[in-house]
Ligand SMILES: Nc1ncnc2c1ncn2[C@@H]1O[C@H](COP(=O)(O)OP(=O)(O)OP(=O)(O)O)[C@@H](O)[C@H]1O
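Okay, here we've got a single chain as structure tokens, the form predicted alone, with questions on binding and movement later.
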């Protein structure tokens, strides 16, 4: 952990898409936070936009954002600070977390909340996430969570996870839960076109290949939207789709050729109206 990060409002992403129901949920979270601090757990597959959602909520609502890597925690209190040595003297160095939770309207992102190095490292979060919203430490005294603070916790979810069951039940009960998934094919294709400038045909091919790899029942490969954007950027500067996938995912050209062949054999997939949930810019 460190105390170098500054509290700043992040830049909005004009091409960040969410389903209409998630947007409505985030709007309600904003309204609730006007009454009291709110906790939101964002669960979903790796690379489906969980961290981006926390960042864009802050940007959209003009709030400062502070992100903390929970996976680095090995003991209780580590978020708040540490004892350090300077000029032969021991002193307590305060980290950013206590400042963030005392900053009105701050959005606090607890990244990978299900991956602390030691389960007891989360114990001191119980108090700040509870109804009382305060904690006492010997080094810092009484700390009260400021008004309008929103805690976003993100949780990687996949075949090896079952929803939020990996979290302690008492901790899980303190959160509203929102589930995210990969974008629908049509929406992800549009995002690649908007963000990288590649043509729609190449964007659709990238998304179709990505979905084939994601849905492979024998050896599924995680292909996040971050990955497809990296691949599209490589294509935008002249790389072939095969080469861009090989560089971006480090998979063999033989596997890629097999996937591309299967896509060619299938009836050609065209972009059409998406008949599922409505996705909008957030």
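Residue numbers count along the first chain shown, from 1. In this text, all values refer to a predicted model and were calculated from it rather than measured experimentally.
Below: the form predicted together with the ligand, not depicted.
Taking the ligand in the predicted bound form as the reference, which of 147, 139, 111, 99 has a non-hydrogen atom within 4.5 Å? Flagged contact: 111.
Contacting member of 61, 67, 46, 246, with respect to the ligand in the predicted bound form [4.5 Å, heavy atom]: Flagged contact: 46.
Is residue 79 near the ligand? Define near as a heavy atom within 4.5 Å, in the predicted bound form. Heavy-atom contact with the ligand at 4.5 Å: absent for residue 79.
Flag residue 52 as yes or no: does it have a non-hydrogen atom within 4.5 angstroms of any non-hydrogen atom of the ligand in the predicted bound form? Yes.
Any non-hydrogen atom of residue 214 within 4.5 angstroms of the ligand in the predicted bound form: So residue 214 does not count as contacting the ligand.
With heavy atoms only and a cut-off of 4.5 Å, decide whether residue 225 touches the ligand in the predicted bound form. Contact check for residue 225: yes, within 4.5 Å of the ligand in the predicted bound form.
Work out which of the listed stretches, 130-138, 88-96, 203-211, 187-195, brings a heavy atom within 4.5 angstroms of the ligand in the predicted bound form. Answer to the contact question: 187-195.
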